[in-house]
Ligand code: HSE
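The chain below stands alone and is given in structure tokens; this is the form predicted on its own.
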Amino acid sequence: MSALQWATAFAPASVGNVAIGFDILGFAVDALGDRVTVSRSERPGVTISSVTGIAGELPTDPKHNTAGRALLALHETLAPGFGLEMRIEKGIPLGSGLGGSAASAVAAVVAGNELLGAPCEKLELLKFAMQGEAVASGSLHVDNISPSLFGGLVLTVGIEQPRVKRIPVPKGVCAVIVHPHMFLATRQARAILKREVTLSDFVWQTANLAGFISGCYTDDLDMIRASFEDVVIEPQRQALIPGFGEVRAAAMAAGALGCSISGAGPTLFAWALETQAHAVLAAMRAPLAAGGAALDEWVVGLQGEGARVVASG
């Protein structure tokens, strides 16, 4: 058991799905993230003393908070013999499609694990964090949790016994991210999805996922570009994001390898060569700005290190 009294962890934002990998593929966005500080407490169990930052109204009952539920899972499993008090600092906008609920859950278990002497490997922490993500989305999925925890572009296969594989990204490729200032709940974006897929779309989507991953491993930009198309989820969700069609067309015309919806939306993202990234950003920005939308925007690398402890004492 560690002698530490407290630990603070940072967990980055993330882009889930990456167009063709619904619920299984995601990449970390180190430009923003959540911080969680976990301290020893004489009170039993897990408590949340504060939620600050750009949080809005979030529950402080651990059972109804993503970070709280994740830390409860860790605490119940490891039974350290003392309570854990948590302070959450939100740096990711709610309902943005940038993995805010996942980042809080990841930061909580990384900080808690450090405080307890780091008894758990990342794969065990992933399972604890999944319990927190279920609070926000209503289901267990890992496309935001895994990249936030492991960093980079990550493929995760399985729920009960998840297998995590970090996928290489060709040198010189980065992500362009545009966040319109609107709220879109994950539950809402999942609720509109059909429960059945045609055989032709299944084959097409499977081919695109395989082609995309193959292109990443072989530095084949043409294969990535040809495969970077979601034919199942994006056509259903794009109606929730005004201007999406224009943004995607503009990004592709400016040289993007692909452009799609980040997670549940409304944030949009593209992959592009670093030499073309700012042209792609300008192209994506223009249709949204013309519609009067306030925006946040980032150009980020795709090799981030994932969640980590940033302070302790």
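Predicted model, so just to flag it, every value in this text is computed and none were measured. We number the residues from 1 along the sequence you see.
Another form exists, predicted in complex with this ligand; not displayed. Remarks below refer to it.
Counting only heavy atoms and a 4.5 Å cutoff, which of 183-191, 238-246, 69-77, 213-221 contacts this ligand in the predicted complex?
-> So the stretch in question is 183-191.
Exercise: residue 144 in contact with this ligand in the predicted complex, heavy atom 4.5 Å | Within the cut-off, so yes.
Does at least one non-hydrogen atom of residue 298 fall within 4.5 angstroms of this ligand in the predicted complex?
-> The answer is no: residue 298 has no heavy atom within 4.5 Å of this ligand.
Counting only non-hydrogen atoms and a 4.5 angstroms cut-off, does residue 257 reach this ligand in the predicted complex?
-> Although this ligand is absent here, residue 257 would stay clear of it in the predicted complex, with no heavy atoms inside 4.5 Å.
Is residue 264 close to this ligand in the predicted complex, meaning a heavy atom pair under 4.5 Å apart or at it?
-> Result yes; residue 264 sits at the interface with this ligand in the predicted complex.
Mind listing which residues of 11-28 have a heavy atom within 4.5 Å of this ligand in the predicted complex?
-> 17, 22, 23, in sequence order.
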